[in-house]
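Below sits a lone chain in structure tokens, taken as the form predicted alone.
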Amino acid sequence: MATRAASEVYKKKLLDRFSDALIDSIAGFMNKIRPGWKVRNQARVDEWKLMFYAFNRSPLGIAGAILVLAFLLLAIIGPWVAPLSYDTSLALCNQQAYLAPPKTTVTIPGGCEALGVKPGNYTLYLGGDSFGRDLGSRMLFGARTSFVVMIFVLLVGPWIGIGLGLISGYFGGSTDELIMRTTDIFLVFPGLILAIAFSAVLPSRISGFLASHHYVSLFFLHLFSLKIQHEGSLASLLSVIIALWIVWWPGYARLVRGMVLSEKENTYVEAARALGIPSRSILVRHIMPNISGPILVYLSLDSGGVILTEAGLSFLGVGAVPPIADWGRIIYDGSQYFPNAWWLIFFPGLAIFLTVLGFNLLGDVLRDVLDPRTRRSIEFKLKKEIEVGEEQ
């Protein structure tokens, strides 16, 4: 029993050593760019180490981080490591690929090069879909689709709400009333219904814009790893992004407004006002850093929500359109063949489940890690745990 306890403490120390080495490397890099940075920010560096120290003791947090990192890795390199393209149909040369079960090996004879299929044996590890396309390859491209949509939504939508919440909470009065009543109007409508409405009406308008701005189309084709012949399908994806921008900001506006109302009564804000510091500087340099913890947690939890909502829109037919690979669209197309072709629903559904679960687990742990009181409590418990392990 004593040996097992000591072994667990030793494993935990290995994680701490890794995180300490990572933070020391970052601090050393900053010190080279700005000489003396490490000395001036030693307290901050120690606090970062404590955050990782607390994070390393959370099995659920580590599991969530692994799931999130796996999703990010597959989204980034997936299109390059996929055996086949998202629109390559093996059934054109071998009917065995049509709704092929998982681990089916399909032999492609010569003469199919014109169809985009090279001769040889292809193992469909996750099976084939109703067009004879490799489900595994399509899921890798689908990860890229979800990743790009998530990034663009979180880079714009939440920050609209954060900016409005800062202004509303700090200035109050008629400004607060106008922003909050506008927020209430958006909150009256269910977010998913509003997103469906915008996703349905925007594509025709976006198509015209893309037709006259070809460089924008090329940029997004590269981001989504799509072929030039599928340029016309971009409008549906961009309409989802814009629709989610419109419906994603109200929650952040309310959250930030409440925190700013509390923070602006603190002494440091009053002192900044007395010194004549402009309101914009007070909001950006003083209030914003002190409310960033809950915002980061909310952003982490919302990352999974964006992926789930985007998949839901595609499933309902107002998101990605064929032949674009998207997890929600794959489930919709496969639902017509369920339960016989169960893999068309099971594997993309499992991917969505694990990805959203990873972001939720990570967000829950960040809530504890970023809370100073929780960190101090965890620090005390971990020190006692290590002392007991060493005594045993």
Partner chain sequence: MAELRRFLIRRFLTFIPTLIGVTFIVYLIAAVVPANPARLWAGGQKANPQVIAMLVKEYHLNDPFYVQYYYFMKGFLENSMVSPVTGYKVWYEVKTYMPVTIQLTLISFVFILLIGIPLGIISALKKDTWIDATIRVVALVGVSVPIFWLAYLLIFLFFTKLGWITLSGTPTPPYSITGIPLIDSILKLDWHTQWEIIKRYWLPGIILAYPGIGVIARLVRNSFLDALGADFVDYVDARGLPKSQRYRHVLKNAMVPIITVLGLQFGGLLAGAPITETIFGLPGIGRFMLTSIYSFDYLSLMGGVFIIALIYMTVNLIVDILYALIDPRVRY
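Numbering follows the first chain given and starts at 1. On a predicted model such as this, the values are computed, not experimentally measured, just so you know.
The discussion below concerns the form predicted together with its partner chain, not included here.
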4.5 Å heavy atom contact, F315 and its partner chain in the predicted bound form: yes
Its partner chain contact at V39 in the predicted bound form, heavy atom, 4.5 Å: no
Contact flag, P109 vs its partner chain in the predicted bound form, heavy atom cut 4.5 Å: no
4.5 Å heavy atom contact, D20 and its partner chain in the predicted bound form: no
Segment assignment from 344-352, 41-49, 62-70, 25-33: heavy atom within 4.5 Å of its partner chain in the predicted bound form: 344-352
Candidate site R205, L357 and L361: all three near its partner chain in the predicted bound form by heavy atom within 4.5 Å: yes
Contact assignment for its partner chain in the predicted bound form, among P119, P289, P190, G116, heavy atom within 4.5 Å: P190
Residue among I76, I185, I228, V81 with a heavy atom within 4.5 Å of its partner chain in the predicted bound form: I185
Partner contacts in the predicted bound form for 192-217 (non-hydrogen atom within 4.5 angstroms of its partner chain): L192, I193, L194, I196, A197, F198, A200, V201, L202, S204, R205
